[in-house]
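In structure tokens, the next block holds one chain alone, the form predicted alone.
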């Protein structure tokens, strides 16, 4: 009995080693850096987390089905560019559409919510195409999303001619700078999306189908699960969330380029894995994505406060990703 308990403790420490080390680092940074444990700092961390959490929640659905989505970063950049070209000030000198003017005096050129809906519809369409290739033509998710990544990046370059964007309307930048109950709208959006995603994962047939496909797609199909339709919906839903994240990141940055969001998909996959979404499929929760994204953002903030070289931080993040994936595979092998 004692040996069994000891083994459980050891397994827990190994499987959650990355999270434990991050907590120790955060505590250490809090004691050694006087401005780390402040509301302003944690508010900034939460704002940075918000779009990344939405990306991770989108990718989590793909990973739960033992898939992935490498196109997320490029979709984020394209979404931010589409929003940016439509939401520039009328008198901005570098206006992308100089002839785009309001229909009525003092009216907005284009409604912000309308642009958000357009952006999400466009990215969702790309996701539906990717999901269709995976579902109906049995193209491996890695290949299908890699192809879509290149296609979307090319379309973004053609659309913008690789021109950086800026001069946004105040109504757009307020998505980041405004406050409701003392909290940025970015954070509120992330909370709402997380709540909706939790409901989908846990309270709907779609969520049950998703886990069934991740556990065993053949058995799920035999059991009557509409595997193909579910896969298309998963990748379409994920892509719509990338569009939302790109819209948010553009508002936060006050500008955009085609390279906005580059590499975010890898970080999101790693964040999901750290939190407990298995790359082998069939397992994962909304809380897994939240924990993983929090670990990454706290790691970045702690390393900055500790004065670590900005370039060296990429090495640290890479090591965390490597360890997280290795631990996930270890758990899978142990179960086998």
Partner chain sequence: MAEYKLELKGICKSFPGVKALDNVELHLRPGSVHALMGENGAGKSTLMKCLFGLYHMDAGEIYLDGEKIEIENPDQAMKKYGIAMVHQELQPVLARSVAENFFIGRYPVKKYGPIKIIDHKTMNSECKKWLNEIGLDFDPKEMLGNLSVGQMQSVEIAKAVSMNAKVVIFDEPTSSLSDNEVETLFRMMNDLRDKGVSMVYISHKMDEIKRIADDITVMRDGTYIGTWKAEELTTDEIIAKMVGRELTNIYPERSNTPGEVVMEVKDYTSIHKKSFKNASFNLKKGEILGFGGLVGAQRTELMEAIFGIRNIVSGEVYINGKKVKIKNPKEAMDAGIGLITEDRRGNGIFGCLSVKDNVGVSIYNKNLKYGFILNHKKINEIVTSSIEKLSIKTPSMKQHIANLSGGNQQKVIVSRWLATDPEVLIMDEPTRGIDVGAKHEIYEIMNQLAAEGKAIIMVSSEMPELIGMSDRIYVMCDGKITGEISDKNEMTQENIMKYATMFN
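Residue numbers count along the first chain shown, from 1. Since the model is a prediction, treat every value here as computed from it, not as a measurement.
One more form of this protein exists, namely the form predicted in complex with its partner chain; it is left out here, but the text below deals with it.
### Answer option from 179, 101, 205, 89, heavy atom within 4.5 Å of its partner chain in the predicted complex
Flagged contact: 205.
### in the predicted complex, the residue from 240, 152, 220, 186 that sits within 4.5 Å of its partner chain by heavy atoms
By the 4.5 Å heavy-atom cutoff, the listed residue in contact is 220.
### Query
Exactly one stretch in 164 to 172, 224 to 232, 189 to 197, 68 to 76 has heavy atoms within 4.5 Å of its partner chain in the predicted complex; which is it?
Only one stretch passes the 4.5 Å heavy-atom test: 224 to 232.
### Message
in the predicted complex, is there a heavy atom of its partner chain that lies within 4.5 Å of any heavy atom of residue 300, even though the partner is absent here?
### Response
So residue 300 does not count as contacting its partner chain.
### Task
Classify residue 282 as contacting or not contacting its partner chain in the predicted complex by the rule of any non-hydrogen atom within 4.5 angstroms, answering yes or no.
Output for residue 282 is yes: heavy atoms within 4.5 Å of its partner chain.
### Message
Whether residue 216 contacts its partner chain in the predicted complex should be assessed with a 4.5 Å heavy atom distance threshold; does it?
### Response
Yes, contact at 4.5 Å.
### Task
Would you check, heavy atoms only and a 4.5 Å threshold, whether residue 133 touches its partner chain in the predicted complex?
No.
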